[in-house]
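Only one chain is shown below, in structure tokens, and it's the form predicted alone.
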Amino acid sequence: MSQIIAVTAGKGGTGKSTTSANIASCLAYQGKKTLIVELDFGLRCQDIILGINGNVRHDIGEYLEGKIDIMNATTKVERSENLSLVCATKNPFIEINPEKIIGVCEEMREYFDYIIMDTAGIGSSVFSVIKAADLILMVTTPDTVCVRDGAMLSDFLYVKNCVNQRLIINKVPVKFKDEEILYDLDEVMDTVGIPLIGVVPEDSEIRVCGSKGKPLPKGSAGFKAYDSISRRILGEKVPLSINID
């Protein structure tokens, strides 16, 4: 059965969109038909990260305005036969219609194994969309402000009965020479209070490849981290560790 996954964060700048793109790419690489639904209106970036900037004919804004059907709003990602994108609108003033977004995801279950929702900023409509997900991935960096905001959002989601949450700690600095982690990740997990599904170390390849629209090299630390997360989503028992080799 297909799965809807919401990727969210308590604060901007945690790498939520990059995380969405790379986990989706890894799922597609493993043969799963995967769709990204980008909901960060006015801050569209998935087309750049996925290397299809300039090749997007339609977006979700046109669907929400009733101009096209949702299949016409879907763009195939050229670098992966199993990956597609419903791109966010560039218009920041179009309101998210939760019922329509949820309807899109439910409709797409017929065509895709995984639907990744790259969610927008916090608001009542966003919470309604997140509640429809089978799995919620909370992305935080290890710094104090992001961890606190992630914990607050997680607590709010639990109140709304969104219990299937998993934590991704992103942009973790590592001393590559002696492999010393510069943050107490146990403290991060304890503060946010949800099970860990993966740790992504700082890796310049993530930033460079994202800005150029290229896939991560399979030997990079970033790829190994996202690949491990995607395999855990698929149900594989992959040890939790930081990949820095």
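All residue numbers refer to positions in the sequence shown, first residue = 1. None of the values given here were measured: they were computed from a predicted structure.
Not pictured, yet referred to below: the form predicted in complex with a small molecule.
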item	value
Joint contact, L27, K224 and R232 to the small molecule in the predicted bound form, by non-hydrogen atom at 4.5 Å	no
Exercise: I36 in contact with the small molecule in the predicted bound form, heavy atom 4.5 Å	no
D40: touches the small molecule in the predicted bound form, heavy atom cutoff 4.5 angstroms	yes
Contact label in the predicted bound form: N170 to the small molecule, heavy atom within 4.5 Å	yes
4.5 angstroms heavy atom contact with the small molecule in the predicted bound form for E202	yes
One stretch from 187 to 195, 202 to 210, 51 to 59, 65 to 73 that, in the predicted bound form, holds residues within 4.5 Å of the small molecule by heavy atom	202 to 210
